[in-house]
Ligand SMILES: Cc1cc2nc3c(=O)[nH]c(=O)nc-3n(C[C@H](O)[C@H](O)[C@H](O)COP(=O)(O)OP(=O)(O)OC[C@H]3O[C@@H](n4cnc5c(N)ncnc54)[C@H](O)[C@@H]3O)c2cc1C
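Presented as structure tokens, the chain that follows is alone, the form predicted on its own.
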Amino acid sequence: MKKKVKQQISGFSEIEQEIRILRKQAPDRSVEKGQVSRIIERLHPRKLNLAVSEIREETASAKTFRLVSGDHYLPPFLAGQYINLFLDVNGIRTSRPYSISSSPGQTAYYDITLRRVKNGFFSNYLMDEVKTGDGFQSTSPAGYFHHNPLFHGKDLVFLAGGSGITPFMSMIREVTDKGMDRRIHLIYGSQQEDDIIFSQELSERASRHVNLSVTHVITAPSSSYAGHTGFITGEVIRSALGNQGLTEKMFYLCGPEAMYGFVLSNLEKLGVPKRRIRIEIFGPPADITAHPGWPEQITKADRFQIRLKNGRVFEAAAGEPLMNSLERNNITLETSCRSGVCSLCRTKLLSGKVFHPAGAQIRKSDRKYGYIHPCMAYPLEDLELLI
């Protein structure tokens, strides 16, 4: 029956005959069977085994961890991408994404640079407990926060805050090391002068490369500081870049959560089109109840019952992502971004209601058929999940 249907398609018989001829004339590729899958696995392995070869203190609150492969090979990445590190912390299997701060040209290692976070579960464990020689698992490099030469042009503005400098450092190192034809202006906000990550290297690279300019903005400066102070405002951006050609530049933004709304509103006032702004967001909001749309009657401390299809029941707090509660109960989902973007953790919601902040990129089909992203989903009532 299937063959009869195909024969009714115009031109099918001629194509079928051509395929038979090509098969007779084509060289024997049977010895290469499975080669494509091996190449794909080499370029995009599901998991990497990594080991810490060096730990470097950048500031009093920030460190760089140099990670080498336990399998003698690291897949390539694009400057600006991240890896998702997995750890067992106090018996809980969890993960966090970290941008690679080293250049893609350095194929022997990945550098990740992180800052201590107040009450941080994962970052503080790395800062305090991890030592040279320790091993990790991670995902392959992933993410869309990178330069596309076809669409993003050559005039780039990096707006960084705190540890948000890390993806930009990878891009800066690549451009300056390779002499690439791109102009970069970094506007970098830090709390204090001695809090600037990569301060000396940025200064040295800017002095050696005319296509790199660096403007620092200090929130709580010392009395001797003479540069820009406060926050990255429209006035600071205009002062650093000038008034001409702002709408032709490509702006990249990465930093703490509080920075996004403030900087985006200033870019809007400057007339920068949304299509010329790229944003990288890592992890859930610090306070989900402050987000627009959060129901006023529900507090962070409210707890709801989570029932799995297999009958297992546990509780979850409204004020933290559902993923955290799942991990605390030894339920591990596939994940990469933990920011509601990659879709790897998508889970069927059988009943109940959750809150997704605006940054979670839930596909229309997932909303229609009841799928959620637990990494950025907050319970608003009792839930039943299919896992």
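So that there is no doubt, residue numbering starts at 1 and follows the sequence shown. As the structure is a prediction and not an experimental result, all values here were calculated from the model.
What comes next is about the form predicted together with this ligand, which does not appear here.
A.B. asks: Where does this ligand sit in the predicted bound form: which of 241-249, 177-185, 261-269, 162-170, heavy atoms within 4.5 Å?
C.D. replies: Selected range: 162-170.
A.B. asks: Pick from I298, V217, I306, I281: which has a non-hydrogen atom within 4.5 Å of this ligand in the predicted bound form?
C.D. replies: By the 4.5 Å criterion, the partner-contacting residue is I281.
A.B. asks: Which residue, S199, T233, S123, S190, is the contact with this ligand in the predicted bound form, using a 4.5 Å heavy atom cutoff?
C.D. replies: The residue in contact is S123.
A.B. asks: Hey, in the predicted bound form, does N310 get a heavy atom within 4.5 angstroms of this ligand?
C.D. replies: So N310 does not count as contacting this ligand.
A.B. asks: Taking this ligand as it sits in the predicted bound form, is P104 in contact with it (heavy atom to heavy atom, 4.5 Å or less)?
C.D. replies: So P104 does not count as contacting this ligand.
A.B. asks: Tell me, yes or no, whether N119 is in contact with this ligand in the predicted bound form, where a contact means a heavy atom of each within 4.5 Å.
C.D. replies: Contact check for N119: yes, within 4.5 Å of this ligand in the predicted bound form.
A.B. asks: Does L114 reach this ligand in the predicted bound form, with heavy atoms at most 4.5 Å apart?
C.D. replies: Answer yes; at least one heavy atom of L114 falls within 4.5 Å of this ligand in the predicted bound form.
A.B. asks: Can you list, in sequence order, the residues from 95-111 that come within 4.5 Å of this ligand in the predicted bound form, counting heavy atoms only?
C.D. replies: Going through 95-111 in order - heavy atoms within 4.5 Å of this ligand in the predicted bound form - the hits are R96, P97, Y98, S99.
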